[in-house]
Ligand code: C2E
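This document opens with one chain alone, in structure tokens, the form predicted alone.
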Amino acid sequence: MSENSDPHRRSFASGDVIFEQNAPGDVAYIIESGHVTVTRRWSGRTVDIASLGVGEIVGESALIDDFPRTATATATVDTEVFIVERDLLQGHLGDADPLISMLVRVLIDRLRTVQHRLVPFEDDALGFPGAERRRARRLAEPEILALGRFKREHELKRGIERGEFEVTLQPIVCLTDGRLTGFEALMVWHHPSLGRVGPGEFIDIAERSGLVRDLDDLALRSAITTLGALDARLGDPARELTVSVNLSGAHAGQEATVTRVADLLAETGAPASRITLEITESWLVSDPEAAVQTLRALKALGLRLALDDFGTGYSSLAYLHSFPLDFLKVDRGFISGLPGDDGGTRITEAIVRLAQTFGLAAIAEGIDDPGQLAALESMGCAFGQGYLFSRPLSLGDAIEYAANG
């Protein structure tokens, strides 16, 4: 067996024993790659009772007690596992909402019960019938998913600590003349084993765990760094350029958010008027009154505000006029079928007109071809972004893009 630099991961070569029957049940393992066979010694024979692959859990009883192992687990090919220690899990649950903590403990208890059903001491040497094993697997699925999220949350926290996250910058242009007006900061996770991971794969986990605040702060600091780098390279022409940053819905109605943003602006001396915070419709409708207060406080700092992916959520027009917004962003799902998609055309036209009615500017996302651009120009859409103009860029490439544009 060999170990890598991460204490929560272990690698096993083909044939290595992960744990022995009757050994202490001190940890459980989630299989990240490879394959594991679980066997039992019974009446002088060794019997295969399970064959487990990526995403499945070995040794679940260790999560809540020190029961001896009821079976032996062996790597059948080179295998990497993520280690779930009881103390790590208990500490994590100790910081959780009491109701969530209780539910997770119940799920873990169910999973242990399922494991014992798979390896009953009174069963004969042939193991449990296939139908019962499949039933046990179905019972375990919610717990397997929950533990998978727990593992990903650990990776997310570690990734933030190790600097695995990078902010890339996608240009936003004026559709009437093609002039660069700014960039949207987009978070990317350079995962050590999964490679490049987009925000859609980790934002939900970050919001549930509270780690999204660290990511939001990282994005905002990167936006400020971007503005400083543009000013240093381009001088006065850069003063018109802006940077947009997504602000998680987990912050809605939180005074601490306004305080942190204000402190960061004061610390860096960044020009607030050149920073746009993008929020989602769910941000608004979860608690409209609290959201209005938070947005007004952010607006008072001099920041600009954009409502992201408009039309995909549930915001009410009765609320819309109350929010101190500057932009409506049209979701790429409405843009993708232009100009031939009649439904997308009607929705996009309606959003653009709505923005104009409320004195806002519409920004279209996902503009990938000239036909989409022409359709949006004819509607009077003010700004846009997409692969037609540029993919998201590193900071250095964004500066070169601005210098050459």
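Keep in mind the model is a prediction, meaning the values are calculated, not measured. Start at 1 with the first residue shown and count on from there.
Form predicted together with this ligand: not shown, discussed below.
Using a 4.5 Å cutoff between non-hydrogen atoms, R332 counts as a contact of this ligand in the predicted bound form. Residue contact with this ligand in the predicted bound form: S248 places a heavy atom within 4.5 Å of it. Within this chain, E56 is remote from the site of this ligand in the predicted bound form, having no heavy atom within 4.5 Å. Under a 4.5 angstroms non-hydrogen atom cutoff, this ligand in the predicted bound form lacks I275 among its neighbouring residues.
By the 4.5 Å heavy atom rule, the three marked residues E164, G228 and D397 all fail to count as contacting this ligand in the predicted bound form. Stretch-level contact analysis of 259 to 267, 73 to 81, 211 to 219, 291 to 299 against this ligand in the predicted bound form, using heavy atoms and a 4.5 Å limit, identifies 211 to 219. This chain lacks the partner; the member of V38, A362, L376, I367 within 4.5 angstroms of this ligand in the predicted bound form by a non-hydrogen atom is I367. The partner is absent here, but in the predicted bound form a heavy atom of M187, alone among L241, M187, L305, V173, sits within 4.5 Å of this ligand.
In the predicted bound form, not one residue of 12 to 47 has a heavy atom within 4.5 Å of this ligand.
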